[in-house]
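One chain follows as structure tokens, the form predicted alone.
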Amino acid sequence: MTVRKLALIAFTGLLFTALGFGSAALAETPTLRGTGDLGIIIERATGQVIIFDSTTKKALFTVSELGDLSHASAVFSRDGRYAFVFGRDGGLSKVDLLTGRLVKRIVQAGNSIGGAISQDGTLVAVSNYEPGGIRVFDSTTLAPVSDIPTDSKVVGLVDAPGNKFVFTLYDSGEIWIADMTLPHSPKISRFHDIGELPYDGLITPDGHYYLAGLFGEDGIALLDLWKPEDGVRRVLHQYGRGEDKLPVYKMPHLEGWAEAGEFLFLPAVGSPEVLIVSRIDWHEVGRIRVHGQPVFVVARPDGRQVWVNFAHPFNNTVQVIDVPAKKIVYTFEPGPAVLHMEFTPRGEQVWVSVRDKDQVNVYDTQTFNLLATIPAESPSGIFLSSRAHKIGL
């Protein structure tokens, strides 16, 4: 081989390396794709998440070593690339959906119950049982930014417009708003005596109202975030009066509530009913008797259907409510221990985790036909990256 040919080969290799086409660079470069149809499945028993593509209905990656995921939830960066996973053991993990790898994991508390990401995407907050309070981190580095102690378990943490976090204090019966305009010096607004044992909270999709469900008494605490100076008022305080309540084996999840048109559909506590509430005056306008104690009551994105799953011993069943008719139109049994349901952004599919069958089922929401089955070990929460663009999710 001539010197000229050797020089040409060497030059070509250098050029490919400089342009990122070397073998190492090719191995590290993720497949060119968007993130709009990606999501994660929590494998609660293994400390892993599965990254999936909802268009092809296939698993892409498994990311491990995320700690205790027995009550895990997730939020997404504003570009949809990263998932922030909140573990029960106080772990906060940042997962890259494109490369399928764990970017960073920290343990920030002893026992946590969820989290939120700020409106501008720069801050991630975690709500804690032990030691209580919330802790706020930089979303890029996971470096600590603020610590907001409460002397109470914190539940129902959501983001709100204006770079605010809203959350509820379980032990003391309060709602707090943390204004993070100055991230290292948050401004706290406190609302006391909202009711006994608030167990969860939700924010309406427009960021206008925050609602906290009450376990210690009937009713819901309502805070108008556009006029917080008016304070908290109680609504639906009569819904369970004088009735024998079911044993609550699993608390309803208010973040799984449903808004469809002018109505809210909420799970009743201790009662096999879905409550229908008017968004106009916050009064109950109806009830739908369902199969058992509802856990998640979730609206299809177009608001035409509401899907409901249930606590033990009826947790093998899902029921579908037709919103205009306000009645159940379909009941089926995906399998033992249905834990979570997640719609694709336009609502043509719903992904259903069936924990004790070690699988996630994908259904067509028009025909209710089973489209695909994804193997997963003890799956629980399912979270799509489209949540990045919704308030409170």
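Counting begins at 1, following the sequence as shown. The model shown is predicted, which means the values in this text are computed figures rather than measured ones.
Separately, the form predicted in complex with a further copy of the same chain exists; it is not shown, and the next lines address it.
S118 belongs to the set of residues with a heavy atom inside 4.5 Å of a further copy of the same chain in the predicted complex. Proximity of D230 to a further copy of the same chain in the predicted complex: non-hydrogen atoms within 4.5 Å are absent; the residue sits far from the partner. a further copy of the same chain in the predicted complex is not approached by K58, whose heavy atoms all lie more than 4.5 angstroms from it. Shown alone here, G347 lies within 4.5 Å of a further copy of the same chain in the predicted complex, counting heavy atoms only. The three residues D37, E262 and D302 all sit with a heavy atom within 4.5 Å of a further copy of the same chain in the predicted complex. Note on the interface: of 168 to 176, 266 to 274, 189 to 197, 78 to 86, the segment with non-hydrogen atoms within 4.5 angstroms of a further copy of the same chain in the predicted complex is 78 to 86. In terms of contact with a further copy of the same chain in the predicted complex, the residue from H71, K94, K164, R135 that brings a heavy atom within 4.5 Å is K164. Contacts to a further copy of the same chain in the predicted complex (heavy atom within 4.5 Å) from stretch 352 to 384: Q366 only.
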